[in-house]
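Here we start with a single chain on its own, the form predicted alone, put down as structure tokens.
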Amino acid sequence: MASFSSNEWKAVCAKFTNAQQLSDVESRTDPENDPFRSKYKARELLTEIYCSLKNFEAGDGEEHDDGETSEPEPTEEPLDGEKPVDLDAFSRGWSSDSRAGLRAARLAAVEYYLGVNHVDTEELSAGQEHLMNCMKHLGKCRVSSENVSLFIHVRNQLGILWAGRDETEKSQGFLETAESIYQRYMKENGSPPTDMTEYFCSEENQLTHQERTKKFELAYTHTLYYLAQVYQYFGENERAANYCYSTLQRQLQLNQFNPMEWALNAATLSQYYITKGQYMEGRHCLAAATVISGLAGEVPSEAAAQESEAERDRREQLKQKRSEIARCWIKYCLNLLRDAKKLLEDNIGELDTDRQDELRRARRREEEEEGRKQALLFGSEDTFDSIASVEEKVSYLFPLDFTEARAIFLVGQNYVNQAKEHFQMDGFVTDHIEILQDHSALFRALAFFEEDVERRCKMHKRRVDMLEPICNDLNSQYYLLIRRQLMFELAETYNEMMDLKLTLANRQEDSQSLDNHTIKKFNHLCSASAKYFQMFLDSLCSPEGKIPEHLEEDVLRPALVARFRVARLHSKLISSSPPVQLDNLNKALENYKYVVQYCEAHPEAAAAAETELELSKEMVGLLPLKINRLKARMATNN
């Protein structure tokens, strides 16, 4: 074997260093019309190194520790990505400090780099072939501190390659094998392992133990990162979340992360915990995201952005990503309010005071028992206090009264304003409207906790004021689905306001005692709600205005509910004119009949609106009697 001090070996090491420089540094500035120029040059050097290794070492034999030159049987490797790692891989095969073991490791390393090179240049089949050749060389060696890093790196790359081909099960096999190798190595050895780059550098340029550890741990962090995506693909959300958390925490510990990318990943992870009702963990993820995003620095000024394209791009990136984190905060506040409402409401949707007292007692007991321990803990000595400071600004506990709910609402509203700074109507129509819808939902959730009916009405009026202009200005040709959402929400909002006015009216002795102003207001709310429900129904018709014979599944329940509500609203309108009363009752009956007849013609639709169907059947039986009585009274008066 050529010695480390020989000129020939120095030439090999120089070529390897040059290949690394071309791949990692110079490739970033390759021209657009020749994007892989540096990669191709690096490939030529790696191929020369591979040939040199073969020539240098072919005459040395493949010697075992005991002096034997016969080639061992490869350990049973999971070449298809589906078998678990063979436990004998740690005890069977060439020793890494034997000539044969070192030769196999070096050849495997070059095959690995050639594989990565071909994948980078989008030649996936050739890349796969080189990576599998790397696996075959390693299959002759036992796992040790000299080669364990390469064992893991090659499986990470194969995991990425197969995932990119939508062969996720194969990807999972390689990545789980890499995980098993890391775990067993750390259990049985744990010393800082040799990095693959050290196969081709002089002794004085070997990495320190600290550098080796950092590179090795970073490789395993990548394993966890890719496994998180695999488990998410398979719907194993809890497992995916755990792996994502481990990845993020390790990136912080290793100080190997892009602040904005890390922050967005943490904010995204928060959404999983929020959907599971784990608001302490969700808040912690968001607080960490807020703090770490701050490490990316200040947003460049508009003046600086106009002078430099790089500053303009940075300004847009920072504004967008911080606005996306703000939107995750909005979801946190909104879901916390909504889940609290579900806990506190009675069977008619009002606040259950007995349940409220019960939850207050439960909270006091938990506080006396020192509360629940946090399952997650991000950060380092530099960031712990900052993260805790952000957490203290918003509770993770379910609000039990208006004061607590309002505190959460105000935090959510603050993030609404932050998000809208970037996601403006001009350029971000869909995002802007989604933020407005979340703002409206925050008001709706807060209104549940408000005891004063008039103040509740004002909150719903705020919702109307923010959504109605947008709904009326949007072009249905381009934003039909969004308009439908807004029509339905506006109809429901006016309907809620009408119900609140009805509550106030019911406190009077009878409708006759209502003054004209109150009746006018009540009728306005009824008519506005009916108008938007009807606009929604009209949007389902053909261009010729024909009502669809069959409602698609995504609009089935909304359409039946809209018909039912239109019927109910017409029957609620107050008028002293018998002809107007008759017209309103006939319109109500017509819409109740539609719900019944549609469900009779399409039996499968009944399950989508069981309550509305049952009440519609009842009203179809009762309203004709009421109509006939009114007609008789009108005939008598005439």
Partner chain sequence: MGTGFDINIGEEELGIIPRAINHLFRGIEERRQAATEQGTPVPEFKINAQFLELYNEEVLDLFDSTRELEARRQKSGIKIHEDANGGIYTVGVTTRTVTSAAEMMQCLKLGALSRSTASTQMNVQSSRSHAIFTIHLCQVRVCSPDNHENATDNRLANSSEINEFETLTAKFHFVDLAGSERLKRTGATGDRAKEGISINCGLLALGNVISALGDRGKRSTHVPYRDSKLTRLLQDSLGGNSQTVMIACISPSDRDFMETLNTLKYANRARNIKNKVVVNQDRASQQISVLRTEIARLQMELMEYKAVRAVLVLDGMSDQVLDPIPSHLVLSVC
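Because the structure is predicted, anything quoted here is derived from the model rather than measured. Positions refer to the first chain, counted from 1.
Heads up, the form predicted in complex with the partner chain isn't pictured, but that's what we're talking about next.
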| item | value |
| --- | --- |
| Region of this chain that lies against the partner chain in the model of the complex, out of 190 to 198, 265 to 273, 403 to 411, 125 to 133 [heavy atom, 4.5 Å] | 265 to 273 |
| Partner contact for Thr47 in the model of the complex: the partner chain, 4.5 angstroms, heavy atom | no |
| Ala288, heavy atom within 4.5 angstroms of the partner chain in the model of the complex | no |
| Exercise: Phe151 in contact with the partner chain in the model of the complex, heavy atom 4.5 Å | no |
| Residue contact check: Gly297 to the partner chain in the model of the complex, 4.5 Å heavy atom | no |
| Contacting member of Asn475, Gln306, Gln183, Thr208, with respect to the partner chain in the model of the complex [4.5 Å, heavy atom] | Asn475 |
| Pro558, Gly379, Gly173, Gly101 - the one with a heavy atom within 4.5 Å of the partner chain in the model of the complex | Pro558 |
| Non-hydrogen atom within 4.5 angstroms of the partner chain in the model of the complex for each of Phe216, Cys541 and His602 | no |
| Within 305 to 343, the residues that have a heavy atom no more than 4.5 Å from the partner chain in the model of the complex | Glu309, Arg312, Asp313, Glu316, Gln317, Gln320, Glu324, Arg327, Cys328, Lys331, Asn335, Arg338, Lys341 |
